[in-house]
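This document opens with one chain alone, in structure tokens, the form predicted alone.
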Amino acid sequence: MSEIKNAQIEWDPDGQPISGEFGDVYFSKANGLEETRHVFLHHNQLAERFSAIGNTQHFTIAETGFGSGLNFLAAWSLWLESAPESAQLHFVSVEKFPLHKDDLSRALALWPQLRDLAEQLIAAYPVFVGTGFHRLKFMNGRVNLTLIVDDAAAGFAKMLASTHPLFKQSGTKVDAWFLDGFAPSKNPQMWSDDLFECIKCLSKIGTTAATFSAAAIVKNGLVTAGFSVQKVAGFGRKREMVKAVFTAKTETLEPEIFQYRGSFSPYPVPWTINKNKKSFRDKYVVIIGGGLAGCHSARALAERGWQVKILERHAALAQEGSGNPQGVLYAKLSPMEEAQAAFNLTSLQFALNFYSPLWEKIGEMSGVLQLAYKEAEKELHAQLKDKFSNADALVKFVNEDQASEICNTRLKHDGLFFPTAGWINPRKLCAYLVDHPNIQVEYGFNVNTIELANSQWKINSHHEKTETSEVLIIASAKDALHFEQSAHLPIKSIRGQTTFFARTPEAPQLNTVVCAEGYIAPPQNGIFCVGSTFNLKDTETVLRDRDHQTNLENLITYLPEFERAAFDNLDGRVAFRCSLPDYLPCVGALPEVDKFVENFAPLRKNSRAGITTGGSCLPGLYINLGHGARGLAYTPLAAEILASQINDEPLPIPQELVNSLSPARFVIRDLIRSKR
């Protein structure tokens, strides 16, 4: 994740935005909206193509240069006019210099006819902390914006299924390109060979492209990328523009030339390519497990038109690790440039957007205060200041006096305050998630085994009940170890005990969630929830007095005014967090372990061996688990990733980060370490 610069906007006398970096307009001074409609909507034939889309299908537009978002709003508006209500629009746009929110709002105010859509975009507009992906969902997933903050070529390269030449063109494809951005004469760096190579890899026969520019660098780049190019009349005073259609056939390369026997391959090992990937015509899925992971997965697929059946062994949802009465929406920020830090930040921002309209139904947006309660935390907060100093809408650095005022009780430490986070009742959340006409829940279904027969997964219960489905998702936390297909995963089960006590007049009136060595949330129905212990290799399910004592001692240490509270009639709950050794969740298709070991055996001697075969995953079998103590933050994005994979859509995060979540990663690591 690299640092970014926001766009420096200058405003002309007519209130039109001009780029300070490039000295160019963001849209035509004559009529920017009509220019968009002429260049990008009309010359990509979008009205006709949107109308021809089938129910529950999706259409993908990719754009260079998000700018003011005008092109996105125009496409969104046309989508609502032309496409079936059950279809989904994916709009992927790369922007190197994103506008400040105030500038975005001012620019879009020029188009009152788009006000309703613009207000939704402005409300969801993210806080930018370095380069990265931001998936914004509108109208319950009917319209999806993936805003990639990066250089155009670098951003689209992160969408590729692999950079290996044999597999570069194997991923999800774009239906139409909006080649916008500033003119080649003003910004020649963007219109690079690398950009056109990405456009080639992300296109398919029939993919269209349109651009305001008729410059030779653009026309030649499109021709080299495999497009048939045509010059047509431009908008207004502009004489010419270009439209194009992709006509090139996929290149056939010989695997032998990439084997690099006896040496290190310059290309990544293609274990992340699923050779058994397929498209599912019958949009029906069974999900094992009715906790946060299962319910979020169900909702994400239901909003894409899938019929979903959740099999839950208990008589109600969220009865295991997801069942505490209060959970905290938080993530552990990090100054590091690695997968866990990237997933923490991206998942937190996605979750904050997801829960934003739901707080009254599921909990309270009270804010979350993370205290610098020990030396290591103080050092961490100091290291975070450079990265997050301009991200006050996401997180604020507060001293102990400010923290005390926010919390409404005396504190002894500085902290990080997340103003739009809060606490959630997971059971209420799960009830909301499954309240959808496409979702059915069957309770009392205790899955015993799963088996593949005739391209269908047969799900067997202890009571001789069965279900069948072409697509199956395991979202049953540690119970996934009971199934042969997922028994190889290094799942850890970590005991945690929470403590409940009634609020009495002596207790502080807490205004926000406070996290230190444990957490406490503002009372729900007059009851405080304090937690949680962290007991490794402990399987005891009964409540223990010593764990209540630990929770209360931690509470009083960091919130000393609670010493006055009466801790009578203590109650609590024991649950088990499901975690993995790298503290990242497990999301994606499950591998055929024996075939992985056979195909990638050379990794035992050479971690960059010239292997030219992709991975073999069990067809239609997916998993979503391992969210640890951050289930409320992780599960919305994990479900979005999984639904995007199953539905063959653009991914909401970079492919490299998706690879870090892959269930197959543990087999590959074991091979590299000669453990298999």
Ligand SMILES: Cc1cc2nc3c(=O)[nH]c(=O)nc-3n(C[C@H](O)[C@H](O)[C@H](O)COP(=O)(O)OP(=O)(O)OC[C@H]3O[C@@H](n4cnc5c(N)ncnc54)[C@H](O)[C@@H]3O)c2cc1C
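Counting begins at 1, following the sequence as shown. Worth saying up front: this structure is predicted, and the values here are computed from it rather than measured.
Separately, the form predicted together with the named molecule exists; it is not shown, and the next lines address it.
Contact check for residue 293: a non-hydrogen atom falls within 4.5 Å of the named molecule in the predicted complex. Using a 4.5 angstroms limit between non-hydrogen atoms, residue 446 touches the named molecule in the predicted complex. Contact between residue 95 and the named molecule in the predicted complex is not found at the 4.5 Å heavy atom cutoff. At a distance threshold of 4.5 angstroms between non-hydrogen atoms, residue 503 is out of contact with the named molecule in the predicted complex. Here the chain stands by itself, but in the predicted complex one stretch of 178-186, 403-411, 78-86, 304-312, 304-312, has heavy atoms within 4.5 Å of the named molecule.
If you check the named molecule in the predicted complex, you find no heavy atom from any of 286, 470 and 619 within 4.5 Å. Checked against the named molecule in the predicted complex, the residues 242, 475, 429, 195 give one hit for a heavy atom within 4.5 Å, which is 475.
A heavy atom within 4.5 Å of the named molecule in the predicted complex is found for one listed residue only; from 41, 33, 629, 651, this is 629.
Contact residues in stretch 564-585 (any heavy atom within 4.5 Å of the named molecule, taken in the predicted complex) are 575, 576, 577.
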